[in-house]
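Here's a solo chain for you in structure tokens, the form predicted alone.
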């Protein structure tokens, strides 16, 4: 392959490879991906939408997932064993997903079991496969930003305490939306030694959160909201729930990536919007909604999503056309089994 083909050539070769592969190929892409990749995808969505799509692809021989690597692992877990899953750059890893590792989670779980309370683990989809498997083994499940509140409500309906990891802000904003105060929330510090004597105190809490964060969404500050409202009178501020609670409190609307997209698209012509999430996605909404004033709350890009380039994507497709060997997305059998249980529970409560 040429090392530096033009954008036009890449787009044309992607289209040609897709045509040759036909029904053997399904392409899934996250909203944060490059526009040229999104325009070539069969299914575009947020984590929940893509999980559903991955679970429904029964006929394709090949699934190519353009996103960060944990999402491709999710597709590997949910699709059929005989299907092959590929990712254009397995080094594109979500930093949030790396903020909780199995040894630290198991240490926390061991202490939480000593509280005498019923604890149910709920892992955010931005996580490693072994953490999803941990939840599957221990009566828990996966959630996304689109269904975090449903997940937390379900656990509380069992008279249990959600152990929510690894995104603190999503967990805290979800708890706030349900009327749970910060005094009723325990923040688990994964890098500190928590004294076992705190078990009684933990037992009085309604929710346990893990200290983790998305570096894209914590970049938005309350001053960004105040500035955009001063600059554009009557503007609606809509943000992702991975933002810090101080930003969420000032926003007019809060919700998942798909919620943001649907809310802005369904708004009347002439309305004004400031969007607090990844800039690739915001720029696409701006292009698709010319009759509205739409601005980014701040221009902030996911560097990891950007590692999945159109050229790397093309390389995967042409390898498939030519029958060349290339790395597949792999999840060990044990993790896949229990992570699949946790993901299926998520889809059931959604």
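Numbering follows the first chain given and starts at 1. Since this is a predicted model, take the numbers as computed values, not measurements.
Here the subject shifts to the form predicted in complex with 1,3-dihydroxyacetonephosphate, a form of this protein not shown in this document.
*Asks:* Can all three of 65, 89 and 309 be found with a heavy atom no more than 4.5 Å from 1,3-dihydroxyacetonephosphate in the predicted complex?
*Replies:* The answer is no: none of the three residues contacts the partner (heavy atom, 4.5 Å cut-off).
*Asks:* So, in the predicted complex, is residue 124 in contact with 1,3-dihydroxyacetonephosphate at a 4.5 angstroms heavy atom limit?
*Replies:* Yes, residue 124 is a contact residue.
*Asks:* Is residue 169 close enough to touch 1,3-dihydroxyacetonephosphate in the predicted complex, meaning at least one heavy atom pair within 4.5 Å?
*Replies:* So residue 169 does not count as contacting 1,3-dihydroxyacetonephosphate.
*Asks:* Residue 132 near 1,3-dihydroxyacetonephosphate in the predicted complex, any heavy atom under 4.5 Å?
*Replies:* It does not: once 1,3-dihydroxyacetonephosphate is placed as it appears in the predicted complex, residue 132 has no heavy atom within 4.5 Å of it.
*Asks:* Residue-level contact is defined here as any heavy atom of the residue lying within 4.5 Å of 1,3-dihydroxyacetonephosphate in the predicted complex; does residue 71 satisfy this criterion?
*Replies:* Because a heavy atom of residue 71 falls inside 4.5 Å of 1,3-dihydroxyacetonephosphate in the predicted complex, the answer is yes.
*Asks:* Which single stretch, out of 28 to 36, 56 to 64, 315 to 323, 284 to 292, brings residue heavy atoms within 4.5 Å of 1,3-dihydroxyacetonephosphate in the predicted complex?
*Replies:* One stretch meets the cut-off, namely 28 to 36.
*Asks:* Of 115, 280, 144, 236, which residue is found within 4.5 angstroms of 1,3-dihydroxyacetonephosphate in the predicted complex when only non-hydrogen atoms are counted?
*Replies:* It is 144 that has a heavy atom within 4.5 Å of the partner.
*Asks:* Even though the chain is shown alone, can you say which residues of 94 to 120 have a heavy atom within 4.5 Å of 1,3-dihydroxyacetonephosphate in the predicted complex?
*Replies:* Nothing in the stretch sits within 4.5 Å of the partner.
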